[in-house]
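Here you get one chain, nothing else, as structure tokens; it is the form predicted alone.
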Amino acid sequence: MPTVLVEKDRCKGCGLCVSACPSHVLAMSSEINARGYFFPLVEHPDDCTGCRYCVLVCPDLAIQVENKGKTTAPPEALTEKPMHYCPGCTHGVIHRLVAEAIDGLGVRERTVGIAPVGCSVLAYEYFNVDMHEASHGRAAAVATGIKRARPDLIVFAYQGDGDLASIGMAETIHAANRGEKITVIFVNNAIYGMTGGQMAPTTMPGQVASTCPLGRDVTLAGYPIRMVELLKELKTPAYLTRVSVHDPKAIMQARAAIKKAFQHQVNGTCYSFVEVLSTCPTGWGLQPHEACDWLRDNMMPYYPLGEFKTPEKGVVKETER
């Protein structure tokens, strides 16, 4: 019988595991852990089907499932250090998917990650690979230098929307246009999360941010920039895709896309770019489960999911996605 294992002192009490469980196995405790958060309890253990949805959605790697003597262990490409991200922030989920891809392809010992300014600035604490810091927006330039100097390395940039699509726009476009053999993980949560919740290039029309308290006015600030659609117009071959991490099904699709992006680099095929729609419960002023719903209802209609360009087929038409 499957057994849910909760490491309560890693938990930040976001409750995403409780919301995701289709069998209602979990419930939040009325007690707090050593970090001052409520944590999930296994309330109905006999009802567990072993779907592992709780493992997929947990941004803090606080839950594992044991089944038939096998446990869902965290990836080796992640350290054991608890993450600093806000409760319910899906950066932790994306970190795990990137680490799983690195482990799955057996490239951990020759992988280098680039973390610029933003919420991911401390990513070197969590990825068990060589890491390099970059100035705000310059991750693609740093990644280019490392990859050209050491083509044998697997190099990825991990960037937020303000970093990549604002101050780093030039570096992003030109790295893609040159076809640099790097992998870019672009985390789009429609806001500047770390520096005060300002409007980002990807902030939705009407969305409230600290610098647009009445909501984004497109007559003044223009419309949100859709990076994948922008990059697909370049002639250079590339792998361009957009995924999301708002629910278990989407996370599984994101896992496959991220691994595929790294595989293209391993094969030396092309530049690869994965845009990941992510939540920012703190910046959005929502509970974690509400933030996931808000992403689905507000971001996904404007930022449709799917593969937009592949090196085999070129640009993929809307009807083919």
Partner chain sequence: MAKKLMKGCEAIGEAAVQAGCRLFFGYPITPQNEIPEYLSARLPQVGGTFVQAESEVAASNMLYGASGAGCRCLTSSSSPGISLMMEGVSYIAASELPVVIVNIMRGGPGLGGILPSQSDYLQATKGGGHGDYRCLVLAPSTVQEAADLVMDAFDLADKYRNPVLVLGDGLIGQMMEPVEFKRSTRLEDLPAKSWATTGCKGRERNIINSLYLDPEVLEAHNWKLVRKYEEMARTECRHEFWSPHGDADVLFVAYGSVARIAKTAIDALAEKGVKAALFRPITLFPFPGDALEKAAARVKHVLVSELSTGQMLEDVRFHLGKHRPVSFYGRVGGVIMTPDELVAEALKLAGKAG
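Residue numbers count along the first chain shown, from 1. Note that the structure is predicted; figures quoted are calculated from it, not measured.
What comes next is about the form predicted together with the partner chain, which is not displayed.
- With the partner removed from view, the residue among Met227, Ile94, Cys119, Ala141 that has a non-hydrogen atom within 4.5 Å of the partner chain in the model of the complex turns out to be Ala141.
- Residue Ser135 is the only one of Ser135, Thr195, Thr71, Ser210 with a heavy atom lying within 4.5 Å of the partner chain in the model of the complex.
- Only one of 141 to 149, 98 to 106, 182 to 190, 240 to 248 lies within 4.5 Å of the partner chain in the model of the complex by heavy atoms, and it is 141 to 149.
- At a distance threshold of 4.5 angstroms between non-hydrogen atoms, Leu234 is out of contact with the partner chain in the model of the complex.
- The partner chain is not shown here, but in the model of the complex it comes within 4.5 Å of a heavy atom of Val129.
- A residue is said to contact a partner when one of its heavy atoms sits within 4.5 Å of a partner heavy atom; Met83 fails this definition for the partner chain in the model of the complex, lying far away.
- Among residues of the shown chain, Met204 is not one whose heavy atoms approach the partner chain to within 4.5 Å in the model of the complex.
- Shown here without the partner chain, the chain has Ala149, Arg150, Leu153, Ala170, Glu171, His174, Arg178 in 149 to 180 lying with a heavy atom within 4.5 Å of that partner in the model of the complex.
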